[in-house]
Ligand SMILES: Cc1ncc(COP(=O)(O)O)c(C=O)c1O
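Consider the single chain below, provided in C-alpha cells and representing the form predicted on its own.
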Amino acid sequence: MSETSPKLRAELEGIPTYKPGKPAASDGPAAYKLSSNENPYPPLPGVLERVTAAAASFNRYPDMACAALTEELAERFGVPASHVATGTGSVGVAQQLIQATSGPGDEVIYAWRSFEAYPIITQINGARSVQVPLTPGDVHDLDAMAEAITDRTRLIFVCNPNNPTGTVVRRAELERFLDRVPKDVLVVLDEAYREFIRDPEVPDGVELYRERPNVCVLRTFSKAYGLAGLRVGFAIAHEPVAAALRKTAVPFGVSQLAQEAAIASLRAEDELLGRVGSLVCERTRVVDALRAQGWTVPETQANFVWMRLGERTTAFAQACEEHGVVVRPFAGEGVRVTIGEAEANDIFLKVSEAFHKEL
C-alpha cells in the first residue's frame, strides 16, 4: 500500500487551531460556562415557537438567498437589501470577505491580540497576516495599523469592541484612521458586541459605512440575540462587496431555522434591550468589584472582562474551574471572562479576590 498522501495546500501547514470556550463539566464542579461570550438567557419571546414550527419542514432546503431575513435587516438598519449579505455567523462572513479580497501575496491587517479567528481565516486563504500590537492599554493602535498598510494590503479588520479585551476605538480616532486608508482597501468593522456599547463616543459602524464605500460592517445574532447555536450573522456593505459575499457564500449555509429565529429575534427588540441592559449592569458590578479587589481591568464595552495575568493565567483559570466556573485563558497573556448569570459572576469574583490576595 502506497504511503504517498494526497497533495494538500502548503498554506494549511501551521494554521493555529481555533480554541472554543471550554464547556462546563457535566460531572464536575464547573457548573457555569463563562468562556464563550454566550448570552445566558433563553431564546427571546416567540423565537422558540417560530423555530419549532420551522423544524417541521427541515427535510427541505432553506431559502438560499435568506430573502425574508435580508429584507428584515434592510428595514431595521435603513439600508438597501442589496447591501445586506448573510452567512454562518459573523466569522463565516469574515472568511468570505477574505476569500473575496485576499490570496497568496496579499496582506490582511488586524490588531493583536484580537479575535483569534483572524489569523486562521487569513492563512486558509493563503494571505499573510500583519499583526499590529495593541497599545499598553489594550486598545487598537490605529496609527501603527495605518503605517502598516502597503500596496499589498487588501483588508483591515477593526474589532470594535475588541475581543478579548473589550476595549473600543472612538469616533474621532476611527474616522482619522479611515481617512488614511486607501480607498481600494476594505476596512471591516467587526461589531459582534455592538449592542453592549454604552460609550456615546463609539460610532455605529453602519453610519460610517453610508459615506465610505470601502467600509463593511459585521454583525451577529450569536451574542446579544442569544442564537449562538444557530450560526447566523450578516454584513452591511456597498453593492460590490455585498455581491462578492453572495458569490463566496456556501450554498444553503444558513439554515431555515436560523433564518426564522433571527427574524423573530429582531421583532423582539424591546425584550432584547432589557436583557442587554441587565447584562451591562452586571458588567459594571463585576468590573467595579475587580477594581476594588486591586485588579487593573481595562474599560470594557462588551459582555466580558479581560484580565492580564501573564504567567499566572493558567493557574487562575484552573482555580476558577475548581470553584465552579470556566473562563477562557490565553496562555501567558490573560483570561477573558464572560458576564453571565449573577450566581456565576459571584463565584468568579470570590475566586478573583482570593487569588489576588495570594499575589
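Numbers for residues come from their place in the sequence shown, where the first is 1. Keep in mind that what you see is a predicted model, and the values were worked out from it rather than measured.
Heads up, the form predicted in complex with the named molecule isn't pictured, but that's what we're talking about next.
With the named molecule left out of view, the stretch that reaches within 4.5 Å of it through heavy atoms in the predicted bound form is, among 192-200, 237-245, 142-150, 284-292, 192-200. Within 4.5 Å of the named molecule in the predicted bound form, a heavy atom is found for none of Arg113, Trp306 and Pro329. When the named molecule is considered in the predicted bound form, Gly166 lies well away from it, no heavy atom lying within 4.5 Å. At least one heavy atom of Ser90 is located within 4.5 Å of the named molecule in the predicted bound form. Among residues of the shown chain, Arg231 is one whose heavy atoms approach the named molecule to within 4.5 Å in the predicted bound form.
Although the partner is absent from this view, Ala258 stays clear of the named molecule in the predicted bound form, with no non-hydrogen atom inside 4.5 angstroms. Proximity to the named molecule in the predicted bound form, defined as a heavy atom within 4.5 Å, singles out one entry of Thr86, Thr220, Ser265, Gln96, which is Thr220. Between the named molecule and the residues Leu279, Leu186, Val254, Cys159, the one pair within 4.5 Å by heavy atoms in the predicted bound form involves Cys159.
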